[in-house]
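Only one chain is given next, in structure tokens, and it is the form predicted on its own.
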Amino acid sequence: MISITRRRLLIGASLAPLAAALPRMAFAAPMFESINMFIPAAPGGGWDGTGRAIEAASKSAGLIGGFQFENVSGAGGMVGLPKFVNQRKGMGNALLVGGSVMVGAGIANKSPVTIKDVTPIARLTEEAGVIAVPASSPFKTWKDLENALKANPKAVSVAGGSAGGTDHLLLGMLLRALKLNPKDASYVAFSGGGAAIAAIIGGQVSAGISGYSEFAEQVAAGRMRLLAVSGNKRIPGVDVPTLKELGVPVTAANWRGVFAPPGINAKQKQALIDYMTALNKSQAWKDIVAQRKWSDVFLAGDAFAKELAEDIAETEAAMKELGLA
């Protein structure tokens, strides 16, 4: 069976309106007057959606006075990451949203600055991937798509996040499980979820891979159809089979978390860990996690750093095995 352990294989839309509807919790004073939130991706994708969710829940819970956002997209976070590292160094109120996509992108791009160069604060969520097709697609079931891949994988274009990221890895794992060469994948990488969605619903690609929350709105509107889920079990309330149920021994999921710049001191790091711990415990955050069908996999500080190091090693090994690194 092909799988990536600890791999949490991607929402896009501002959650500001949600904040007003969430219950407020009483705090004597905000833990930070403001947070400088850096999103190394374009608006409309999973990292941006996570950042906006953090803002909505934090404000509702009274944890933070205000937020400043900056989006810099490209290469699975590898364009924005050096800017965050160099310009936010030592800033105790700066956070970057990232995750498993950034791990693979750093390896694939042979980047001089990688996720190893920031300070792990907390892992927040994980989300299973889904394989989707446009509503007009001739592929009505996973078997239809599987047969097309077996016939000619190069003729089946699949949209996803940045090259080397978890979407790309999942496609490689699928081809390997179908006894095909992962190098024959016709993978179309996008730096933001919004652009990938447009390509899928516009029929510019045969299929797409992302997290359920990123495609949910399009599925509900009837513009996309889900064929399979990459998690160990079905997504609650979503009647779509897992790849394992369909006879394909592949599982993968995507995790997301937050990181501080290099150069912060122990007191600054602990303050950020305390903030994310309070956020995770807040009802406002729990409501968003449930609404988005994310899984809470909170892990903070040194424990998160340890798992991250293991994840980097496992990702590198998997990418080499699949010929992606």
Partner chain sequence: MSTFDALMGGFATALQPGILLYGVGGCFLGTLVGVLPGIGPALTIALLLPLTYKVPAAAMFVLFAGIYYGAMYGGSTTSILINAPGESATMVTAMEGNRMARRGRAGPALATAAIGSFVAGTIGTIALTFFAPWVVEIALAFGPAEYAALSVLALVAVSSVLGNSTLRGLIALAVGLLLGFVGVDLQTGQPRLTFGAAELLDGVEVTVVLVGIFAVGEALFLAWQGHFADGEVMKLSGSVKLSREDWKRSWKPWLRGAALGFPFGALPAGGSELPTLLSYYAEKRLSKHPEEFGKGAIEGVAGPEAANNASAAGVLMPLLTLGIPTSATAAVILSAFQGYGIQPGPLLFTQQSGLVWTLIASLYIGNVILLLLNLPLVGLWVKLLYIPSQWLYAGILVISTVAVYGAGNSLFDVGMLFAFGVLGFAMRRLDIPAAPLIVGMILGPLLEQSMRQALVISQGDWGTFASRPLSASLLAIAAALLVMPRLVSMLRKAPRQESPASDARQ
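Numbering follows the first chain given and starts at 1. So that the term is clear: the rigid core is the largest set of C-alpha atoms that superpose within 1.5 Å between two forms. Just so it is clear, the structure is predicted and the values come from calculations on it, not from any experiment.
If you look for the form predicted in complex with the partner chain, you will not find it shown, but the lines that follow are about it.
S.K.: Find the only residue in A135, V79, M91, L178 having a heavy atom within 4.5 Å of the partner chain in the predicted bound form.
M.R.: The residue in contact is V79.
S.K.: Considering the partner chain in the predicted bound form, which of I201, L145, A228, I235 comes within 4.5 Å of it through any heavy atom?
M.R.: Exactly one listed residue reaches within 4.5 Å, namely I201.
S.K.: In the predicted bound form, does I264 come within 4.5 Å of the partner chain, counting heavy atoms only?
M.R.: The answer is no: I264 has no heavy atom within 4.5 Å of the partner chain.
S.K.: So in the predicted bound form, does S162 come within 4.5 Å of the partner chain, heavy atom to heavy atom?
M.R.: Yes, S162 sits close enough to the partner chain in the predicted bound form that at least one of its heavy atoms falls within 4.5 Å.
S.K.: Is N152 close enough to the partner chain in the predicted bound form to count, meaning some heavy atom within 4.5 Å?
M.R.: Output for N152 is yes: heavy atoms within 4.5 Å of the partner chain.
S.K.: Taking the partner chain as it sits in the predicted bound form, is Q283 near enough to touch it, meaning that at least one heavy atom pair lies within 4.5 angstroms?
M.R.: Contact check for Q283: no, nothing within 4.5 Å of the partner chain in the predicted bound form.
S.K.: So, V103, L246 and S295: all three within 4.5 Å of the partner chain in the predicted bound form by heavy atoms, or not?
M.R.: Judged in the predicted bound form, none of V103, L246 and S295 sits within 4.5 Å of the partner chain.
S.K.: Select, from the options 249-257, 79-87, 92-100, 118-126, the stretch whose residues sit within 4.5 angstroms of the partner chain in the predicted bound form by heavy atom distance.
M.R.: Result for this chain: 79-87.
S.K.: If you look in the predicted bound form, which residues in 205-223 sit within 4.5 Å of the partner chain (heavy atoms)?
M.R.: V205, S213, E217, Q218, A220, A221, R223 sit within 4.5 Å of the partner.
S.K.: Once the core is aligned, does G202 move its Cα by at least 2 Å between the shown form and the other one?
M.R.: Where the cores coincide, G202 still shows a C-alpha shift between the shown form and the other one that is 2 Å or more.
S.K.: Is the shift of R123 between the shown form and the other one large enough to count as movement, that is, does its C-alpha move by 2 Å or more after the core is superposed?
M.R.: It does not, since the R123 C-alpha is displaced less than 2 Å between the shown form and the other one after the core fit.
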